[in-house]
Ligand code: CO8
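There is one chain below, alone, in structure tokens, taken in the form predicted alone.
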Amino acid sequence: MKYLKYEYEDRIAIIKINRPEVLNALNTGLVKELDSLLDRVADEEGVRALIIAGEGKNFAAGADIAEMIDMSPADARKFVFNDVYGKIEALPVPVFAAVRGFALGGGLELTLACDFRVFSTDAKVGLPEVKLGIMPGAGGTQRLPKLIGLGRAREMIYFGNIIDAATASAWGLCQWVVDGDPIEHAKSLAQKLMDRSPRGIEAAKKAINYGIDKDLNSGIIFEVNVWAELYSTSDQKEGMKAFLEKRKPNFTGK
């Protein structure tokens, strides 16, 4: 990998964006590598969580402007990262974004595709695209309003302001703000998920992702079907048997 680093330990996969010399700006080559690594994570037997972070002092300071400036509309449609970000959102395991420093534009949009966001106290995040004559194009106008509400999303997008970690937390943009290394905190959170059923988490994520854009009745029908299917799994049998026997379950993800 030229632009990314990959680690796997204790059933936790870690992908680090590795262009610190340009504040980990995202380019086409990097996103292609990310696409390939996501396939590896999905196929890697035993992976229970993924952490995405930036090498050095920043997460990702947006897309590489030098690569974008002379694009035509057709070029821009090919450049967008939506397919890869959608793949992050659809991964069957929980995904944590561990954010230090800047997460701007496409960098922040990458975190929005994750299940959880852990910010360090020095995190600075925003969608400043309007200052460049464009707008967010990798899910920012769609995911952000669902996360923090329409009014605050409009404020962030229209003004292009950068907010700090405390504000992001107050607005619900991140779940945790930590003084230390956000990667280590994300690891500790991922470890807490290890005694939960991977099949249950996968099913819950699938139902949440489906229902977020649907009417309540459609979402409930889908939820019931996904819930019922879990009764064909070993995890369901083991979890309920362990409860009745007053012991810790041994989930296998099967």
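What you see is a predicted model, and the numbers here were worked out from it, not measured in a lab. Start at 1 with the first residue shown and count on from there.
This protein has a second form, the form predicted together with ligand CO8, left out of what is shown; the following refers to that one.
- When ligand CO8 is considered in the model of the complex, residue 26 lines it closely, a heavy atom lying within 4.5 Å.
- Within 4.5 Å of any heavy atom of ligand CO8 in the model of the complex lies no heavy atom of residue 9.
- Taking the partner from the other structure, ligand CO8 in the model of the complex has no heavy atom within 4.5 Å of any heavy atom of residue 212.
- Put simply, residue 62 is close to ligand CO8 in the model of the complex: some heavy atom of it is within 4.5 Å.
- Proximity to ligand CO8 in the model of the complex holds for none of 96, 118 and 182, with the criterion being a heavy atom within 4.5 Å.
- Between the options 90, 134, 150, 170, the residue in contact with ligand CO8 in the model of the complex by a heavy atom within 4.5 angstroms is 134.
- Residues of 54-92 placing a heavy atom within 4.5 Å of ligand CO8 in the model of the complex, in sequence order: 61, 62, 63, 64, 65, 66, 68, 79, 80, 81, 85.
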